[in-house]
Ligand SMILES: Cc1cc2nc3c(=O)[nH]c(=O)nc-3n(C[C@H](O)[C@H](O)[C@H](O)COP(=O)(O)OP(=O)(O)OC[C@H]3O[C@@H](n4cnc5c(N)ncnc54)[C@H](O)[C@@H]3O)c2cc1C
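Here you get one chain, nothing else, as C-alpha cells; it is the form predicted alone.
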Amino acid sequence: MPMTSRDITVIGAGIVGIACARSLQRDGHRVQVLDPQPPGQGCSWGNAGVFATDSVIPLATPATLRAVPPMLFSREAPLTLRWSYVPWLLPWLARFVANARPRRVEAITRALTALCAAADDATARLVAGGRAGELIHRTGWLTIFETERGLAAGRAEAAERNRRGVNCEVLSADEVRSWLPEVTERIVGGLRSPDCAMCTNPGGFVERLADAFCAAGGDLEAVRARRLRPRSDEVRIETDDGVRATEHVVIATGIEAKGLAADVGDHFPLDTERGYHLMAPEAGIRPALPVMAGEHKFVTTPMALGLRLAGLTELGGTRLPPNPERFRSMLRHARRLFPTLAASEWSEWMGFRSTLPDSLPVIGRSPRQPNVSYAFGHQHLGLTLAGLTGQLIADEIAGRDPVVDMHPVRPGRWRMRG
C-alpha cells in the first residue's frame, strides 16, 4: 500500500531539523521548515566538525561526579558553572547525578553505542545525491594527553570503547607525533579513533542539505514559531506573521524546544551547555585531523575557512553574556599544545547545546499528541546523529520498524509536571 502523503512542518533549520525535513521529503511528504535564521546557524555552525561515532560513554558517570567539584572552582577547567544560575540548574543537576549510577551508565552506554553504530549509514543516506557529502572526510581523530594521569583515564576509556566494538587505539607519544608533528614535546601519549569522520565546513554542510531540500520542492521560511496549538486533526502554529495549520509538526529547535513542548503538554528537563569556539583564518599550523586536548576537552579542527578551537563547557543558561575567560583559557592551552601556533586574529563565538541529564536525545512522537514529534537534546552529537534522527522520525511517521531501539530516546521517559 502506498504511503499517505502529509503536510508536515519542521520547526528548526539546524542540522537535525534539515535532516528530518530531507528524510520526510524523500518519503513523499510535503515538508515546510520554519526558522528565523538561515539554515545551519547556531551550534550547527559553531561545532567542532567531528562525526564522533566513538562517543558512546555518557557525560554522567561516577568518574565525572568525582571530577566536578575541583573543576567548578577553576577558571581553567573544561567545565565551569555560572553561580548565579545555580538555583535554576539544581533540578537538572539532581537528575544528572541520578543518571551517574552504574546501572544507568551501563544502560545509557548501550543506547549511545547502538545510535552511533547506525549513524554512519544514516549520514550516507542523508547526503546521497547531493553536494553535502563533499565536505565529509574520513580522517579519524586524535585525543592527546599531557599527563600520565590523563593518559591512564584515556586508556580506560579506550578499553571500554573497544569492549563495545568501537575501534579506539592507544598511541605512544612518538606515535602521536607521527600523526601530529606540530604538537608539543610535553605530550605523553594519546588515543586515535580511526573510523570517525570530520566536516570541513559544518555550516556549509547544512546549507547544502537545505539547498537540496529546496531544489526538491521543500519550503523554507524565515519565520519564528511562537506557540503551538495542537488539535486532533491538525496543529496550529502561531508565528511572527500569523497562524498556520499543518497535519504534523516536528520540533527540532534545540534549547527552544522546551517552550514549544510545554505548549503540547510535555515537559522536559532540558538545559544548555554553553559551548565556545575561536576561529583563525591563518593559524601557522594545519593539523591533518581533528585533535582533542584530553585534559582540557576542546578540539582543534582544520576547516575550510581556517583553524577552529571548539569546546570548553559552561553551565549557565541562555541569558548570561559569554565569559571572556573561556576564550582566553582555550587559547592559552592551544598555544602550549602547539608551540608554532601563530594566529594573531581570532573570531569568537558562543552557542547553546541542548542537553538532557541522561546524555541522550529526545526522538519520537509526543506521548500526548500523536501529530507532534520531537528531535532535540543531542548535546555534543548533533552532527553525528542528525542523519539517524531524521531517519527515525520518518520511519516512525511511516509506521516502519526503526533501525535501532527507540525506547531509550522516547519522549515519554521523562515524567514531569509543568
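Numbering starts at 1 and runs along the sequence shown. What you are looking at is a predicted structure, and each value in this text was computed from that prediction instead of being measured.
A second form of this protein, the form predicted together with this ligand, is not displayed here; the remarks below concern that form.
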Legend entry - Check all three, T9, L24 and G390, heavy atom within 4.5 Å of this ligand in the model of the complex: no
Inset, instruction - Identify, from the list C168, V183, L171, A310, the residue with a heavy atom within 4.5 Å of this ligand in the model of the complex. - result: A310
Legend entry - Position in contact with this ligand when the complex is considered in the model of the complex, options L260, L337, A210, I108, heavy atoms within 4.5 Å: L260
Inset, instruction - Answer for L383 alone: is it within 4.5 Å of this ligand in the model of the complex, judged on heavy atom distances? - result: yes
Legend entry - Residue contact check: Q379 to this ligand in the model of the complex, 4.5 Å heavy atom: yes
Inset, instruction - Flag C43 as yes or no: does it have a non-hydrogen atom within 4.5 angstroms of any non-hydrogen atom of this ligand in the model of the complex? - result: yes
Legend entry - Contact label in the model of the complex: P36 to this ligand, heavy atom within 4.5 Å: yes
Inset, instruction - Select, from the options 351 to 359, 364 to 372, 57 to 65, 24 to 32, the stretch whose residues sit within 4.5 angstroms of this ligand in the model of the complex by heavy atom distance. - result: 351 to 359
